[in-house]
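Take a look at this single chain, the form predicted on its own, given in structure tokens.
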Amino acid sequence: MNVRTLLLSVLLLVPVAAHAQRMTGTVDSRRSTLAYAAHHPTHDWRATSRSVTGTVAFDPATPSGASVTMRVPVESFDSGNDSRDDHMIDAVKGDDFPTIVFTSSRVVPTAWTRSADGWSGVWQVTGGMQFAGRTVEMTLPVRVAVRGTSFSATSQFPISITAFGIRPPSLLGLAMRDNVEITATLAATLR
């Protein structure tokens, strides 16, 4: 290979490398929530935590290398009923295992497009959720949008509480349903 061909090859690679940029951000707990919807034969309820923390890191051009970590204190969920919230903390062993943690191990973008104002699409995020002393691997559908330095992600998915070794709490001799619907909204400012 002559010098001219080598120089041309290097110059052609530079624009690609210049666009590849890993961005990182800290989850903004003022704009992020984790909520669960639970069902009992006598009533349904929803509890929300606004104490979500964590990190996100990825290259928008190749999000398959992304990593996401999310942490939520068990005691931070508020259903509007203190007695019910205290009972749930006991049921999920919140005193022994005070934090729910999700750590990604793999990201597969199933739809990811660039537009004039940023990137958006859907990722399948696989990772381990630590809850009540157990870690369960799961794959979550996550809708992601990046606008400038603003990152947002939303996901809705069911979990089985018995998969985490939690016995469904009872009221009036009737147990709540095993499946709980989770809704997560994460926001971060990227750098």
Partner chain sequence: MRRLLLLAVTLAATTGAIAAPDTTLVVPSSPAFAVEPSVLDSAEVGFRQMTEAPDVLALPDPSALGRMGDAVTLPSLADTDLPGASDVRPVVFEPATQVDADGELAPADSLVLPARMPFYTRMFWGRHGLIRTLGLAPSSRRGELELRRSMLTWHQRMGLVTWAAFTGQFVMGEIMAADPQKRADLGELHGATGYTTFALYMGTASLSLGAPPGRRYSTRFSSTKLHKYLAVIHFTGMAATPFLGAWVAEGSGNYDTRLNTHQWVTRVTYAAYSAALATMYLLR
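Since the model is a prediction, treat every value here as computed from it, not as a measurement. Numbering follows the first chain given and starts at 1.
Below, we turn to the form predicted in complex with its partner chain, even though it does not appear here.
Contact annotation for the candidate site: R31, R143 and A184 all lie away from its partner chain in the model of the complex (no heavy atom within 4.5 Å).
With the partner left out here, its partner chain still marks one of 23 to 31, 150 to 158, 39 to 47, 58 to 66 in the model of the complex; by a 4.5 Å heavy atom cut-off that stretch is 39 to 47.
Although the partner is absent from this view, D90 contacts its partner chain in the model of the complex, with a non-hydrogen atom inside 4.5 angstroms.
With a 4.5 Å cutoff on heavy atoms, T99 counts as touching its partner chain in the model of the complex. A residue is said to contact a partner when one of its heavy atoms sits within 4.5 Å of a partner heavy atom; N81 meets this definition for its partner chain in the model of the complex. Proximity of N179 to its partner chain in the model of the complex: non-hydrogen atoms within 4.5 Å are absent; the residue sits far from the partner.
Contacts with its partner chain in the model of the complex, taken as any heavy atom within 4.5 Å, map to no residue of 139 to 165.
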